[in-house]
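The chain below stands alone and is given in structure tokens; this is the form predicted alone.
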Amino acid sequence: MSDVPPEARLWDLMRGTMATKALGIAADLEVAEALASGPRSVQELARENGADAETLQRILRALASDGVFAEEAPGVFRNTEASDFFRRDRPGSWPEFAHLFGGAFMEAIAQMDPRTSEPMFHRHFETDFWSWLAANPDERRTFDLAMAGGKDRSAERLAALEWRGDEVVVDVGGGNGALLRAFLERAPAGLHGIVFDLPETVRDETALGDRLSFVEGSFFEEVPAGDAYVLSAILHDWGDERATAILRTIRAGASARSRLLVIESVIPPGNDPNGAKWLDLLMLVIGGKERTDPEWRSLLETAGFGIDEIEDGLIQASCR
């Protein structure tokens, strides 16, 4: 950090909007897929995806200057290690995230207003984020795919915990079941999983397997009975009042011995770089928030849980 001149630091921040939009365009045009077999001219790429060749060349040239794609000869581009992440056959959900950040998220963030804590997404789209997803099935599918990516690390952390081997694990707001599938591959054979989410969640129930089942419902109303409840990147989508309501619903459905496993960021103090501090601005315009250690403790205790262990990426709590 200290080696970056202050002017360069400011420029890198100010140009962020352009970079985000450029990445979103490249993802939507599936440029990385088109370059999977090797370098190609921008004229070919433009003909295939209906883009203007000059505009596409300028977008890819800018991205290449930061290592996303590479211009091997004037107007001829290839993939790089970074742009390879935008290929659909690679792990992760970078194309879906790039689409969201370069589209709806960017539109909402552009409305950020320091004079209010009102979610700017609602002001711009005239509805809340979740209702907007429900009304736009293609965006819902993209969101579900984005949320399904990168679950291996979280699954490994869950599997490393102590399990009896006969528990029922409920993934509250579990989307298409990607996390529980990855977890059960690593967990004792006797565990059973329940993916609990809204009916409009895009999923393939035939892919869930014998140890998984899907239950439709709202986590503001009730949750299935379980020995352990997982909340993966759910609570940060909501402000304290609604997040508390979710937790109280779980507490009402849980037994005295049930445990709660919250997969979320914990914002550290100080000025060191931390992605959650930036993600918090997206949560601000959607209506949620990232939280610090004291904020997590207060939220969970208010809802009837006590924290047993807290670390960035995994909070373990018990019913109180």
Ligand SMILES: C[S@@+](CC[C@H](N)C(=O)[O-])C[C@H]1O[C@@H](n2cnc3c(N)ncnc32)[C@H](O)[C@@H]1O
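Remember, predicted model here, so these are calculated numbers, not experimental data. Numbers follow the displayed sequence, beginning with 1.
The discussion below concerns the form predicted together with the named molecule, not included here.
This chain lacks the partner; the member of E139, D237, D240, E167 within 4.5 angstroms of the named molecule in the predicted bound form by a non-hydrogen atom is D237. None of F121, W94, F183, F219 but one reaches within 4.5 angstroms of the named molecule in the predicted bound form through a heavy atom, and that residue is F219. Here the chain stands by itself, but in the predicted bound form one stretch of 70-78, 110-118, 189-197, 157-165, 189-197, has heavy atoms within 4.5 Å of the named molecule.
Among residues of the shown chain, F143 is one whose heavy atoms approach the named molecule to within 4.5 Å in the predicted bound form. Residue contact check for G102: none of its heavy atoms lie within 4.5 Å of the named molecule in the predicted bound form. In the predicted bound form, the named molecule sits within 4.5 Å of a heavy atom belonging to T201.
By the criterion of a heavy atom within 4.5 Å, A98 is excluded from the residues contacting the named molecule in the predicted bound form.
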